Ligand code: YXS
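In structure tokens, the next block holds one chain alone, the form predicted alone.
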Amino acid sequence: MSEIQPADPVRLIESGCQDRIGVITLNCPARRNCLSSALIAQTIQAISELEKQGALVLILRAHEGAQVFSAGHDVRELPQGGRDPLGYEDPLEQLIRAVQDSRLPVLAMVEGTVWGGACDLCMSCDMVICAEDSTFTMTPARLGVPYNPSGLVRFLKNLGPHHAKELFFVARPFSAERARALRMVNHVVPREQLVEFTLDLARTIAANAPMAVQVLKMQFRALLKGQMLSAETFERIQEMRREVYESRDYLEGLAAFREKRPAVFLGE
């Protein structure tokens, strides 16, 4: 009897390389391109494969015509209390490190709305180009989720403390124009020009000296990591986060999301 072969995993992304420009397309519209562990694993694999195929620049985008670039974390996969939902080995953190540690420049090409951890992913790319009707919303306060320190540091470095706090505390969308003013994005263009504008930028980068570009990226990466937290500060932050993910409000936020109703937070 022949051995039964496992079924191929569902493809949640598409990827390809042309003219040494690699393109990774999030292609799970049924789940609004949420950053599930499966989609993230496929994206990390695609980054590695495109590097081996000789790409000089990578573009991360959603499927054509997307109304939602990505809904952020797959809330269904967050732990139900008692465990850090956004630890060092969280799939999104692994993807962000893969993007940052790739020797290739990674351009985020954004059309549609961007939610939660997907905002973090975009800002972890080397450049962000978005359509003029795009919006960016950080949602952990809506869900009662304690965001991780490394993510907060990325927003602090890009936006500065006052605007980063507004983005997180208020949890309302930032328009594309405001995102550009606050240095979240590099360029805002009409949706119909987004693809060609981004490709032209990628072609320009690919025409430069590859080794110089790659060394520049690694230098930027090393310099941006230069600010360290003391052990005491880090431990205090982790303790404060633990109080949140062990709280009743954390469970309520996840339940309200699943049940599609407003959350009732009690501060406990």
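When you see a residue number, it is the position in the sequence shown, counting from 1. What you are looking at is a predicted structure, and each value in this text was computed from that prediction instead of being measured.
Absent from the display: the form predicted in complex with (2S)-sulfonatepropionyl-CoA (YXS). The rest refers to it.
This chain is drawn without (2S)-sulfonatepropionyl-CoA (YXS); in the predicted complex, the residue among 199, 68, 38, 44 with a heavy atom within 4.5 Å of it is 68.
For the options 32, 217, 61, 241, the residue carrying a heavy atom within 4.5 angstroms of (2S)-sulfonatepropionyl-CoA (YXS) in the predicted complex is 32. Residue 72 belongs to the set of residues with a heavy atom inside 4.5 Å of (2S)-sulfonatepropionyl-CoA (YXS) in the predicted complex. (2S)-sulfonatepropionyl-CoA (YXS) is not drawn, but in the predicted complex it has no heavy atom within 4.5 Å of residue 158. At a distance threshold of 4.5 angstroms between non-hydrogen atoms, residue 257 is in contact with (2S)-sulfonatepropionyl-CoA (YXS) in the predicted complex. (2S)-sulfonatepropionyl-CoA (YXS) in the predicted complex is approached by residue 115, whose closest heavy atom lies within 4.5 angstroms of it.
In summary, the region of this chain contacting (2S)-sulfonatepropionyl-CoA (YXS) in the predicted complex, judged by heavy atoms within 4.5 Å and restricted to 99-107, 187-195, 141-149, 158-166, corresponds to 141-149.
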